[in-house]
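In the block that follows, a single chain appears as structure tokens, in the form predicted alone.
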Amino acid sequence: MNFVVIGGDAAGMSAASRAKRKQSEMKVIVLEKSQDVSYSACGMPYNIADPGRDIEELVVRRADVFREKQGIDLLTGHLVESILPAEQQVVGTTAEGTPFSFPYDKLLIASGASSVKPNVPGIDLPGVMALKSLADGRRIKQFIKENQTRRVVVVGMGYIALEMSEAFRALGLEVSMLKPNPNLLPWLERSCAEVVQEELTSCSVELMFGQSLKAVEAYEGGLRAVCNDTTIETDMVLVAMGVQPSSGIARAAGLELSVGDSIAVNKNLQTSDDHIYAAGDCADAVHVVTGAKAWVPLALRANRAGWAVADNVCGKEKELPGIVGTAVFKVFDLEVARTGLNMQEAADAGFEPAGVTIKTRSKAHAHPGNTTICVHMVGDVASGRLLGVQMVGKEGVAHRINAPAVALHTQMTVEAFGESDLAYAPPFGPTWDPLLTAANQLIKKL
């Protein structure tokens, strides 16, 4: 069997490695457009923040290891330009301009996602960056090192934008962030979002709401970011407006698309063509809470989906459970986490949502070093079901969010979750865990 994989990062290499382990005689070909495979993209902001660290440390496994130790035919610098489903063939061009084609019995599209960039003048000027690939990370790190970079304009205020703002401040750079909308993190409950906003401003990050990037201009001293009603002189512009699924070849091949132009897959990760699978940031998933299709591009799902594809290709049927959208990120000294739905998402999904927000201590009342944890919890009035949780705090947030994530997977009610036997010790939380306190308050509303 010829198993061809498009894309050599999380989902792609997970699938290729597992398929080769299960059936060593299988011909596994991975076509990766860049020169990099299997690296920790999520670690790039933290690596960039430390000029003494080599960005190559983020590579989990090098290409030659996959080739020599696992017997995978890993071809870097191979850009797949089209899929021919009728012929069961992929065609493309190498980095040197040589055309290629490969037949497949089973195909996995693991093309990931690409950065969203505004179509404005000057967006391709030197010094205008995005951060998605390891090559992007190298360019940013090299640019800062080789230029007298003092100021950065960050376009966007999402996960990557916030993480990179912290990285730039760690390097001593001035940071201004732009966003056309008036609210920071609009999916986050307002009082929780205000905590994040206060943290950013206290760390000297300039937040400029109501400002869109209209153009980037070069001048003798660097760049100018032209916005609605102001122009900012800067040395670098980082475009961090989010990502979109890289699904163009799937669309061109006639495959069915889904939410946000992600590739539609069933629980076995098959596309609308039985011979073609899709996994990772290019593919959709089922949201456990709503039962509807969703697109949430996160690392764990990509790796897990790659494994499931390999199992199915090797003849062991594997259905992948859905997601609940669990995510966590760091903003200076804050941990910000979410799982499930917020109030608006719950209402849009047809629930009758009620929510509470509580602020409590991170440790027992007499234990030194207490900080505040903000918890927002959402439940359904009609069924009593837990629908979602958001948390912000300086400690005790990142791993605490996993408890409600599991509760969402099992469709627990708020009352049942409030009866959970959660761990307690004074250095780690009050007797009544912040999550239990929130649940008890929400039960009153339900």
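Each residue number is its position in the shown sequence, starting from 1. Keep in mind that this is a model prediction, so the values were computed, not measured.
Although not depicted, the form predicted together with another copy of the chain is the subject of the following passage.
Would you classify Asn303 as touching another copy of the chain in the model of the complex, given a 4.5 Å non-hydrogen atom cut-off? Heavy-atom contact with another copy of the chain at 4.5 Å: present for Asn303.
Although the partner isn't part of this model, could you tell me whether Lys330 comes within 4.5 Å of another copy of the chain in the model of the complex, counting any heavy atom of the residue? Heavy-atom contact with another copy of the chain at 4.5 Å: present for Lys330.
At the 4.5 Å heavy atom threshold, is His365 in contact with another copy of the chain in the model of the complex? Flag for His365 set to yes.
Exercise: Glu68 in contact with another copy of the chain in the model of the complex, heavy atom 4.5 Å: Answer no; every heavy atom of Glu68 is more than 4.5 Å from another copy of the chain in the model of the complex.
Taking another copy of the chain in the model of the complex as the reference, which of Phe351, Trp307, Trp295, Phe102 has a non-hydrogen atom within 4.5 Å? After the contact test, the surviving option is Trp307.
Partner-contacting position among Arg169, Lys318, Arg190, Lys214 - heavy atom within 4.5 Å of another copy of the chain in the model of the complex: Exactly one residue meets the criterion: Lys318.
Quick one: Lys33, Glu233 and Asp261 and another copy of the chain in the model of the complex, is every residue within 4.5 Å by at least one heavy atom? Judged in the model of the complex, none of Lys33, Glu233 and Asp261 sits within 4.5 Å of another copy of the chain.
Could you tell me which of 200-208, 367-375, 129-137, 92-100 sits within 4.5 Å of another copy of the chain in the model of the complex, going by non-hydrogen atoms? Every other range fails; the passing one is 367-375.
In the model of the complex: members of 397-427 within 4.5 Å of another copy of the chain, any heavy atom: Contacts from 397-427: Ala398, His399, Arg400, Ile401, Asn402, Ala403, Ala405, Val406, Ala407, His409, Thr410, Met412, Glu415, Phe417, Gly418, Glu419, Ser420, Asp421, Leu422, Ala423, Tyr424, Ala425, Pro426, Pro427.
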